[in-house]
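Let us start with two forms of the same protein chain, each given on its own as structure tokens and named structure 1 and structure 2.
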Structure 1
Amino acid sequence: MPQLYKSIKPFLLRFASMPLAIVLLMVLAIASMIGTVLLQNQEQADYLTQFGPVWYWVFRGLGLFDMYHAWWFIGLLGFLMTSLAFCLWHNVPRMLKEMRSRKVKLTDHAWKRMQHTHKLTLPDRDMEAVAGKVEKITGWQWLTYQEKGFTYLRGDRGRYHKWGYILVHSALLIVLIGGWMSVQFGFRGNMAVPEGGMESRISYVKGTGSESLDMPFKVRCNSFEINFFPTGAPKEFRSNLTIIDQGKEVLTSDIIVNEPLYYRGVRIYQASFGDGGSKIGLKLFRLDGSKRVDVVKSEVYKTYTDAESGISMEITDFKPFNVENMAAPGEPKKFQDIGPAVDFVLRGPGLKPVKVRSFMNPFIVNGQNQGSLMMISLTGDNRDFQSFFLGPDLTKPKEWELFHAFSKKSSGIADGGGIEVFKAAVSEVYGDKMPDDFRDVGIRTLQGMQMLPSLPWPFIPLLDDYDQVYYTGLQLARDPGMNVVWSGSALLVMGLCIMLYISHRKVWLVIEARERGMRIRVAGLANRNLMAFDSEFNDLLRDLEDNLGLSQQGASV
């Protein structure tokens, strides 16, 4: 066994070397920077869209999308932990021995290497009395040794400074162990709970796939509240949750962002919110000339299929507020809520799928009614929405009737019938009771004559009413290594304070008997902060003069 140890000792010493640990720390730091910049555990489709197919497969092959679970990252972490463990195993016994051992005798060769030296004389020949007076100087840990007419005294301050190195290295190892525990035994997943609903399963992205995990308890969302800034951005959202464990309500509490709920080692964070399946009412304005308006009911995340045309509407989202900046370019921002809207994807025979946002209210700017509004995205991306003004205000049945009356009367007329045909249509619909905004109604009707026939669908879907339900987006996390990391961090701060602010200061006094009295040589040495030690050494000399009644017979050398 000793022979085996001798053969592997050079390898162990190299493995425990400081350069290797520094290289490993730098590699891990660079990897962690990548993991911070590159969002982890997102949907693979999002990565593919963001980076393109070539870089997507390169990053995926390197495991950068779930870097902290990648084999190479775990390997580096384990390699660094092993290196630190060997470093402590090799150096700590030596450091402890150095802190315990104190060489009192000072040779002439060592005297020449001292930072500070002084020579003093004393007529008294009682070495024991002089040594006793020196030992009364406070603030130093004194040790005495006598040999052949010499008395050696050594004083130390901060001689346990190497505990700083031990604590720093131990703390790094503890922090790494805590991180490894979190990676191996912890989890972080998402849970969506609609108002009034319960959920017990979380989902999370791992590697290039998705996994789920059942919690040992259920979470019920009793209520969800949200406040908005004037810009429409969420100001604060709050969930009232109840934890149900084995069929019993054990805990009810509100949570907001950065103030999680803690239960059975799991922290429940308020992470997001969204539509929890709001009930939606839609009006389908038929464009077949019949003036028919059908009312249909559906829900967010469900698909309604029109039996007549075969066109389906996959409802994807609902928002009760839609705040837009209505200011002209170069003017101060002017935010306006243009009302509730529902998003859906329209699909049908011979139609390219498009994403549509249908508003409940007409579009009104500076008090002027611009008619009903839809927004259309041909790519399906919300950033590509384009406004599509329909013309008539479809919330007013008379304007829908006027559009059809005008269309019917002007059909077959080459120039569209002109003003006389329009007046006849208005008279048919409104009779003697003309609307106050007759001019605006006419403009909207003429706009509808141009816009509505260009729609590729057999109907206009318009939001009619809704019964909103939110879901609260929760993030559940178990981090078994968190307390370990905090403990290591505390030790790291303590160790750094010791390393930075405590230096080992050593002084020696060599008392030598002479024919007439005795000679005292004083020497001092510090491992850092030499300017402060200059003052400390001079203070010691003054204390010697005060305690012994000495007169200086030389200057510092």
Structure 2
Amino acid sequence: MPQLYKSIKPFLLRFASMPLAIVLLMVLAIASMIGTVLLQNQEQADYLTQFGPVWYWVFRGLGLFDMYHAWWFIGLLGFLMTSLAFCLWHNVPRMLKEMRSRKVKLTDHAWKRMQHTHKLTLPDRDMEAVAGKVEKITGWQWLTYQEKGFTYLRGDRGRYHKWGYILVHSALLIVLIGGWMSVQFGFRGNMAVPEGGMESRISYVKGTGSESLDMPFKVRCNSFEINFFPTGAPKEFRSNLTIIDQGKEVLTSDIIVNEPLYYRGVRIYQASFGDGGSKIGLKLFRLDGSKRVDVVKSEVYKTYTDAESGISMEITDFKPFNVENMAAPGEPKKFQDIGPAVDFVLRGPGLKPVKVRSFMNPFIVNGQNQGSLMMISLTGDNRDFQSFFLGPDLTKPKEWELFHAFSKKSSGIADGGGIEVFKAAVSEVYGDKMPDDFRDVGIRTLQGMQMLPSLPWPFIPLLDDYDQVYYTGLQLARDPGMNVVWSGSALLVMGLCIMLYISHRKVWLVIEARERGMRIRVAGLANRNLMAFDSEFNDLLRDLEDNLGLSQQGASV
């Protein structure tokens, strides 16, 4: 064993050496940068399209898509831990010894290294009394030593400052150990619980894949709600959860962001939300001239197929509020909620698949009803939605009828028939009771005459009613290393403060008898913060002069 120790000792010493630590810190810093530039834990398919097959496999082989858990990064951290451990092992005994040893005697050689020196002479020759008076100066830890007619005094301040180094380095080690414990014995994953539903399984990303884990209890989401600021920005996400452990309801509580729930070592966080399968009612306004309106029931995440035309609608999302800035560019912002909308992908024979956002309410801005609204994205990307004003306000059955009456009356007439034909159509639909917003109805109907025939679909799908169900996205985490990390962190800050703000300041007094009176030589040395030590040394000299009664006589040399 000693043989082995001897042969590895040079390596161990190298571990403890400073340059290695600096290189290690810089390498870690540079390596960490990679993961901030390259987005971590994305879909593998996205990486493949982004980098092409060659680089994809190179990066994947290096673990760069989850680099903070890659073997080489963990290895670097392990290396740092080893280096820290050996640094402590190598330096702590020496430091403890240094802190204990306080040489009182000052050699002439040491005198030359002093940052501050000063000489005083005293008329009387009572060394003991002088030493006694010096020791009364507060704020310094004094030691006295006598040899060959000399009296030496040593004062220390901040003698334990080396604890700063020890604390900082061991604290970092503790933090890293805590981090390792978190990874090794903890978990962190997500679950989505629809309102009224129950879930006990979490899933999380590991490497390039996804894994899942069963919790020892079930989480039921009783309700989820979002509160909004008047600006339309979300103010609060709140889930009401019940924990069910072995068939019994043990705990019911609200959670919001920043206020997680704690149960059996597991923290449950409000992380996200989404549609949990809202019930959706759609109205299909047939465009075959039959005035037929079919009512269709479906759910978010389901696909409804219209048997008549073979067109399918895959419902992807539902939102009860859609707050938009209604101001023209350059004007002060003006937010308005334009009501519930459902998103679906519309596919059909001979049709290009498009994404449709269909609103329940007509679009009303500044009190003017501009008819039913629909948004269409040709790419399927939400950013590419374009507004289409259909014309008639289809929530009013009469306007649907008016559209048909007008198109029937005006068909075959070259210029569409003009105002007379329109008036006839209106009186056919409304009778004597004209609508109040007659002008707007007219504008909407004319818009409909242009818009509706140009639609490639045999019907207009509009949102009719809904019964909203959210899912709440929860994050569940257990972290047995967390308290270790906190204690390490506390030590780290303490250690840093000791290390940086407490300097070891040493002063020596050498008192020697002269023919008449005695001479006192004062010397001071500080390991850092020399500027502050300047004034501290001057303070000490002043205290000395006061205590020894020198200030009146002005006897300092």
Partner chain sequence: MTAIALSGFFGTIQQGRVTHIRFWTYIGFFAGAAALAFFGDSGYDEDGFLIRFLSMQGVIWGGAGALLGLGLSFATGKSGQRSPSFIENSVPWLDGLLLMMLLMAAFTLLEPHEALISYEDQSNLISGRIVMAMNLLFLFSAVCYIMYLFAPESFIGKMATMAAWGGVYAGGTSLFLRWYESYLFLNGDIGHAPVSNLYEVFILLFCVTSSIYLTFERRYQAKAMGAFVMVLVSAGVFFGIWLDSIGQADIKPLVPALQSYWMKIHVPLNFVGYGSFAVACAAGMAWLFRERLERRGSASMLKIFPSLDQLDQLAYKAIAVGFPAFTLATILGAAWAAEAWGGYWSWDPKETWALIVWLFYGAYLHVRISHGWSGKTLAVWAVAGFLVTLFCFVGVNMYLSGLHSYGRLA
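So that the term is clear: the rigid core is the largest set of C-alpha atoms that superpose within 1.5 Å between two forms. When a residue number appears, read it as a position in the sequence of structure 1, where counting begins at 1. Note that the structure is a prediction, hence the values are computed from the model and not measured.
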| property | result |
| --- | --- |
| Pair member which, unlike the other, is the form predicted together with its partner chain | 2 |
| Phe359 C-alpha shift between structures 1 and 2 of 2 Å or more, rigid core reference | no |
| Large Cα move at Lys218 between structures 1 and 2, threshold 2 Å, rigid core | no |
| Core superposition between structures 1 and 2, C-alpha change of Leu48 at least 2 Å | yes |
| Angstrom displacement of the CA atom of Thr107 between structures 1 and 2, core fixed | 3.4 |
| Per-residue Cα shift, Arg516, between structures 1 and 2 [Å; core superposed] | 9.0 |
